[in-house]
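This document opens with one chain alone, in structure tokens, the form predicted on its own.
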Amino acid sequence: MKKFVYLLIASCFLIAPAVFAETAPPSSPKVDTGDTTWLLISSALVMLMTPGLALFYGGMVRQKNVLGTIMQSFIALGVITVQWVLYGYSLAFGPDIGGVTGSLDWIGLRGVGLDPHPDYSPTVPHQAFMIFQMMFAVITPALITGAFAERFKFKTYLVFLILWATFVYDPLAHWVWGVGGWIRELGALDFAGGLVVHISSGIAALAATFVVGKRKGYGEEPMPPHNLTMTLLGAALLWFGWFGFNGGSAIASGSLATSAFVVTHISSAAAALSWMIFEWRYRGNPTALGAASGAVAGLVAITPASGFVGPMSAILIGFVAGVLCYFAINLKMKLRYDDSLDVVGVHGVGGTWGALATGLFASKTINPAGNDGLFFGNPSLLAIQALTVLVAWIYSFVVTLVLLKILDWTMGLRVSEEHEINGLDLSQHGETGYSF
């Protein structure tokens, strides 16, 4: 045993120079300080979205589960950050292998320094681009938690985070954004994550509802949100952070970042209004939860299109998103699946609409590096967008289903009935959200 320990220590010393050899080189003169400032601020804005999501979800569950729900989002900052540094970034953006994945050449961020990268970050340090993309990787699996809120084992969730990021998020990110990725080579447009973030998480949430099952008492007893003021605060933080999410995806300050910033706000506002109007019409009251959900739906829908469309297109995208997502979450009542916090209806449906809308409204006038959509004389883009949506749906659903089945067989997905009744705060974390 001692020999094994000594051998292990010696191996670490031998490997360490290769893994940790990447010392920070002097900043290159090619670095644009304005672009770098904007990208770092955007990274901070996107990081804030994960705590915002925690509050958004936390307010919608019952009081006994508020901490457990918040913790599922919050801990993703820790787990995915480490995964991204060790190998996730290399899988997603490393040198291409057959259009399917990145290599492990950048494992441990080896070779990811402070000089610009000609393909990903021509005017900003490579590490700035890396950490911006890290924040996307963090929030995406956290979005899924809304589907299985109030009943999922925390220790199983930690393993699920790592597996899902490795086998779903990282490959999709490479396909869509990585140099050589096959969806990128196909000509599909996804400015800030319609496929990579929202469809992947929304459809993974659908798979999770089938495997995890319904909450105890679902459809038989009321399960109202316990703190809608918290939810509205979370929605406001998401709206605020989304300016970095979409605007930062320009990877430079300037006209394209400005356009993405502007249309992001317009779409969210239009969706909040359309959701409220239709809810008022069909339910008799314009609810705060509805307005918040509509705003998020508009943000989701504009995400893939934000770097390719103008203000009037953004109004249409947002308005339709509010209506579609409103009816989608009402449809779950008829289909009787328990998507606790409406991840499928908002992110799955909203992301799908946004990706297809990009194929309708994209214009080279907004972004010459993009393409024209159907309404600007190029129907082929819509066909490409539809194909990639279908691929993202199938891939995310199937792989998530397999991962959850394996975890269910090995670790178990659900807490016990007693723990579910008592709440996740006490059973999983030994504390309560409120003490009066």
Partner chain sequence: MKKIEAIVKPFKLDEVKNALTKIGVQGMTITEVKGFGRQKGHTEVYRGAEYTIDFIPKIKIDLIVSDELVPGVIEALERAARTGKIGDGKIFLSPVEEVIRIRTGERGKDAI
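None of these values were measured; they are calculated from a predicted model. Numbering follows the first chain given and starts at 1.
Missing here is the form predicted together with its partner chain; even so, the following discussion is about that form.
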79, 329, 71, 316 - the one with a heavy atom within 4.5 Å of its partner chain in the predicted bound form | 329
Counting non-hydrogen atoms within 4.5 angstroms of its partner chain in the predicted bound form, say which of 223, 233, 251, 262 makes the cut.
-> 223
Heavy atom contact within 4.5 Å of its partner chain in the predicted bound form, the stretch among 133 to 141, 300 to 308, 181 to 189, 341 to 349 | 341 to 349
Answer yes or no: in the predicted bound form, does its partner chain come within 4.5 Å of a heavy atom in every one of 56, 60 and 283?
-> yes
Does residue 97 reach its partner chain in the predicted bound form, with heavy atoms at most 4.5 Å apart?
-> no
Residue 333 near its partner chain in the predicted bound form, any heavy atom under 4.5 Å?
-> yes
is_contact(residue 358, its partner chain) in the predicted bound form, heavy atom dist at most 4.5 Å = no
Just to confirm, residue 114 within 4.5 Å of its partner chain in the predicted bound form by heavy atoms?
-> no
Could you list which residues of 288 to 308 come within 4.5 Å of its partner chain in the predicted bound form, counting heavy atoms only?
-> 289, 293
